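Consider the single chain below, provided in structure tokens and representing the form predicted alone.
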Amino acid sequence: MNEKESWTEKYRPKYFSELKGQELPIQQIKEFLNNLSEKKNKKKAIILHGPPGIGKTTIAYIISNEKNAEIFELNASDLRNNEKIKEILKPVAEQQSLTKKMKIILIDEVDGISEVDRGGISALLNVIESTNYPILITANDIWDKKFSDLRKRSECIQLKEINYRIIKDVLIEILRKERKFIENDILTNIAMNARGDLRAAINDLQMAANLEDPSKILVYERDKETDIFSALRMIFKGKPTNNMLNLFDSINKPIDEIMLWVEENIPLEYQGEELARALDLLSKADIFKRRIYKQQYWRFLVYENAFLSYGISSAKNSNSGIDKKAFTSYKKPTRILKIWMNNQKVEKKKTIAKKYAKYVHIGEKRALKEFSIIKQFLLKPEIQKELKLSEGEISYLESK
């Protein structure tokens, strides 16, 4: 096995007996498939829904192995309208399998249809009605009103977040197979911080195992927010979906710093034409950032986010031959981040000088030139209060 291979792929369950923490959904899926083969079930589609990283897509491939069936995977972001479904999905649903008796059609992340639905849902329903093959649909959230008819025509099976104790057992088993050791407390924290997302926990485990001090992985706590490493994995390795447009809302970092993280790690994932496309999209995000600062048009933030997430993710070329599933250890933007942080400090110095200049009726340039002198007065709490300095500005003064 390639040392850089992603452990989530290397240890992806191949049979139901290997899938942990989803006993009830597995039972429901087996009953559905049995009833389908015996023609007792009028519904031909299963919707597997629940949060990311709990095994929805994996289950489709397990069924393929268990039933010795051919599987066709399609992403809903490519099936947003009637024409696309007729062009891509309908032929797959009608053609017989060439190599096996049974065929399974997987439509991954059906959430991608909901935002720009031009007949896509109704066309999908027609395919479900006409096909002789089971259709598996995955979704993070299936309760959008646009999916009402789809829910009625499908068997909805909810997958739950995985208990941290089960996640920890899986992590221990992986370490045993990899002949590596990590302290028990660190494993517990990785399992708990994953918030039921087994895939994220395994990714964190692999990252921790490659650190000289695995305890440093503990600084990447999720605590109801997506960490920057998970966000980068979603952009660089995942399929572009509309869910990515709000990806950065859950990251506790300013968008400028996130842009530096993306810029630093693009060359680790993209090469050739992919790299050129990704950097071009990054430059477009930077253009909107500059417009926001220069013109104060904060409505442009949505475009900056779109280019930085969905756009860069879409730069991937599935025919490039580059293994996107291989594990990548993302780097913190060191030199660039230092430049950005220094710029932030300069900005604080400017805003303090501006407030001081206005208060004492002098020019801003003079205030900046004499800053080292006036700083002694600015350290007094009563002066800070009078000038209405922010916490960040006060911290800047105290750190100098």
Ligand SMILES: Nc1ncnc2c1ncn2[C@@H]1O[C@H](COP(=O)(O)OP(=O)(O)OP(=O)(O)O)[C@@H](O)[C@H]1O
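Residue positions are given as counts along the sequence shown, with the first one as 1. All values reported here derive from a predicted model rather than from experimental measurement.
Omitted here: the form predicted together with the ligand. The next part is about that form.
- Of the heavy atoms in Pro52, some are within 4.5 Å of the ligand in the predicted complex.
- The shortest heavy atom separation between Leu378 and the ligand in the predicted complex exceeds 4.5 Å.
- Within 4.5 Å of some heavy atom of the ligand in the predicted complex lies at least one heavy atom of Asn140.
- Remark: Glu109 counts among the residues lining the ligand in the predicted complex, judged by a heavy atom distance of 4.5 Å or less.
- The listed set Leu198, Ile135, Ile235, Ile121 contains one residue whose heavy atoms approach the ligand in the predicted complex to within 4.5 Å, identified as Leu198.
- Scanning Ile162, Ala191, Ala278, Ala208 against the ligand in the predicted complex with a 4.5 Å heavy atom cut-off leaves one residue, Ile162.
- Remark: none of the three candidate residues (Asn265, Glu269 and Lys316) comes within 4.5 Å of the ligand in the predicted complex, counting heavy atoms only.
- Shown alone, this chain has one stretch from 269-277, 237-245, 198-206, 254-262 that lies within 4.5 Å of the ligand in the predicted complex by heavy atoms: 198-206.
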